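What follows is a single chain, given as structure tokens, in the form predicted on its own.
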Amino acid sequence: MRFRAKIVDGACLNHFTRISNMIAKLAKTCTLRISPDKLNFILCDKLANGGVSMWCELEQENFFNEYQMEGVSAENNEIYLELTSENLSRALKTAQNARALKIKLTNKHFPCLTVSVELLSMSSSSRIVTHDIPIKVIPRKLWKDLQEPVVPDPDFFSFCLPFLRLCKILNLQVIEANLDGELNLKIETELVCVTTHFKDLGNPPLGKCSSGLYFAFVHIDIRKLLQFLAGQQVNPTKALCNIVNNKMVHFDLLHEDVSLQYFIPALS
């Protein structure tokens, strides 16, 4: 296995750093999937056990000036690595105003993802700051558990950028919506019930969904939603909310060169 990549464009470097910071806020540990044309950051907690799942996808050509990789074999030309998300985020924080960033797979008595940052000094010469991030190489037999999550046929689709912005200030407990462009956020306690209504959100024509004014709903753990919202550092151009009635909510945030899917299960 081999992997080596380099970023020299400042805007691409800053964007990659923001994505790394976002991943660190969403997952303590994650899987980095390296393929010839994409990088994926993956979190696959079991939804059935109340865990969240995440699938973040980057097109490598939109970030890296140089990109070389060789997977475990010609038939399985991929690499799966487990790492602590904060370690990568912390290493990239030293890359502000850097001349270049290099990332490569190394072995220094243990497997590492080595991040080398080329910085300009006061004398205009460069100096190199190197971070060796410990990783665990995931064997081929475990890859099947780290594939892109399959979204069940939802009962509701909606574009939801206004909803995402407002959620940051609400103690949300229930999300409900229909295919007439309506979405409601509910707070329910023994003493009070407060509902915020959205209308005319738009519904993409996808799949076989319930029609009319039928409301699909999901009751979720507010802490998991707030963690997702607090971690956002890449402003999406489009945001989709998919609800599988009383089972899960799936957010799909789309940007020009990165996408993020986040799955939150319903409370049992």
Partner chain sequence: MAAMLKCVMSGSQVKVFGKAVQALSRISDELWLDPSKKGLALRCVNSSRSAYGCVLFSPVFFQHYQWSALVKMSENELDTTLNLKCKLGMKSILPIFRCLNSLERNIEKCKIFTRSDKCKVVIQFFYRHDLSNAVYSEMFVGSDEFDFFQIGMDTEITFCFKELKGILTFSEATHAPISIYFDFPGKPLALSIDDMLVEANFILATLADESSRASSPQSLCLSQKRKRSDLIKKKAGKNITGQALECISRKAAPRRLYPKETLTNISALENCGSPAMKRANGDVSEVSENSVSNTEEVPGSLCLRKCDAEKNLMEVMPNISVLPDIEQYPPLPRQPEFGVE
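Every value quoted in this text rests on a predicted model; they were computed, and no experiment measured them. Numbering follows the first chain given and starts at 1.
Another form, the form predicted in complex with its partner chain, is not on view; read the next lines as being about it.
Q: With the cut-off set at 4.5 Å between non-hydrogen atoms, does residue 73 touch its partner chain in the predicted complex?
A: No, residue 73 is distant from the partner.
Q: Is residue 144 a contact residue for its partner chain in the predicted complex, using a 4.5 Å heavy atom cut-off?
A: Looking in the predicted complex, residue contacts with its partner chain do not include residue 144, since no heavy atom lies within 4.5 Å.
Q: Answer for residue 109 alone: is it within 4.5 Å of its partner chain in the predicted complex, judged on heavy atom distances?
A: Yes, contact at 4.5 Å.
Q: Does any part of residue 127 reach within 4.5 Å of its partner chain in the predicted complex? Heavy atoms only, please.
A: Judged by the heavy-atom cut-off of 4.5 Å, residue 127 is in contact with its partner chain in the predicted complex.
Q: Among the candidate residues 84, 196, 96, 77, which is the single one with a non-hydrogen atom no more than 4.5 Å from its partner chain in the predicted complex?
A: Only one option qualifies, and that one is 84.
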